[in-house]
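Next up: just one chain, as structure tokens, the form predicted alone.
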Amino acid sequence: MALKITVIGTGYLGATHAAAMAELGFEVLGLDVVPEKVAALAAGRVPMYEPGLEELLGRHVAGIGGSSGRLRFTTSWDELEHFGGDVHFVCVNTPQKHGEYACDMAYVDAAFASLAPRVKGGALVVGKSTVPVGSAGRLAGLLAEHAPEGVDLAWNPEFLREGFAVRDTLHPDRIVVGVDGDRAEKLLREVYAAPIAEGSPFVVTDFPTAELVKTSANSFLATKISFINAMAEVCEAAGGDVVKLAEAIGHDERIGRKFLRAGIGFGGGCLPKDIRAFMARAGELGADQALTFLREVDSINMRRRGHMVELAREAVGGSFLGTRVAVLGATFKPDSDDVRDSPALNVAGQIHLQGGQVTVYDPKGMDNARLLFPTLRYADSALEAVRGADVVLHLTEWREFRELDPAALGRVASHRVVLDGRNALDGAEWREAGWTYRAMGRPRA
């Protein structure tokens, strides 16, 4: 008999995980405390942009014609208790605390407190949220005190990349499980039997190590991004080309080519808050000296945004007053509508505050951008954003922007000046169309 699975928290992580579990053949109940979110998911609609997720929901949400009916959503803890799940995945958010580096565990703690008395004996609770190391041990104690006898805990960190979340869940590059016993490992091997059979590595460890894997991975990636951005600063000072530099060092197998594109840095809901929470937790453990380098990683990353503002100010003659600036990109990365801690919107906002008339266009992030920065101007296309602009800033590397016709844009811009904040445009093509093209960390042409 197939396992019955619940997913607590149906945001980006939870909605994807619930749909993927249904795709793997399990009966799934997703729970969230936000009625509007549950109503949308129950109708097969995704409250965020993630390629392939809506189609996956449509294949499994109960009540949709032709679906498997294996996936339902609810706001009721009583319904979850009646469902009698065998494995409960906790996928709620852990945002950064206001005014602090530490992460806010309030949502995780509330989810565990509500779940503990409602699970059946012998069930497995699995944490997927990104939490400070030591949290799993504490939460295991909560389950021991408030849940029925025989309820185990495991920690199974997520490694989803926005834009690739469905693939990363169904075909993960690794599955990490922190367990405190053979039964939890056995159940999770059953849950992930399909990807394991495909060859996904299944790494079994203890609670602290499992918790550290996600924050360590994100810290390493952030360090690599900030390293190449630091090299971009040196290249600009020395007249070097950071793109060629990255290509050359990327051939070294010990380094690799990925995450070596210099630009305005990383953002989003994970990397910035995770490295800060990691630093905060290391301090609590008395190991703060081990992670002091992450402060510089964070500083380099934030400095890149200010550098783009300086380049734009220089491009318009030293002052933004009375100038029109087109910003191509609002999301923190392509193939997403996520604008949390978006470098693109941060740059746009800084220029606006300094007197520039900023017009933004993004293929998927316009609605969320308007909510976050309602005072900016927004256009319905790249062409309209560029119309009358004194300078164009390319700040999110959408494929649509790489395929733009520089000649067509040049006919509507006031001045043909483009600043490539992602080193992703074809500079030769833009220059051939009469543009002054400048990219971060590259020589002026």
Ligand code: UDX
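Being a predicted model, the structure only gives us computed values, none of them experimental. The numbering used is simple: start at 1 and walk along the sequence shown.
There is another form of this protein, the form predicted together with the ligand, and it is not shown here; the text below is about that form.
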Q | Answer range among 182-190, 361-369, 157-165, 233-241 for contact with the ligand, defined in the predicted complex as heavy atoms within 4.5 Å | A | 157-165
(Q) Only one of Met308, Val177, Cys103, Cys270 gets a heavy atom within 4.5 Å of the ligand in the predicted complex. Which one? (A) Cys270
Q. Can you pick the one in Thr169, Asn218, Asn346, Ser135 that has a heavy atom within 4.5 Å of the ligand in the predicted complex?
A. Asn218
Q: Answer yes if any heavy atom of Met279 is within 4.5 Å of a heavy atom of the ligand in the predicted complex; otherwise answer no.
A: no
**Q.** Heavy atom of Gly265 within 4.5 Å of the ligand in the predicted complex
**A.** yes
Q. With the cut-off set at 4.5 Å between non-hydrogen atoms, does His17 touch the ligand in the predicted complex?
A. no
Q. Heavy atoms within 4.5 Å of the ligand in the predicted complex: does Trp77 have any?
A. no
(Q) Could you pull out the residues of 313-350 that have any heavy atom within 4.5 Å of the ligand in the predicted complex? (A) Phe332, Lys333
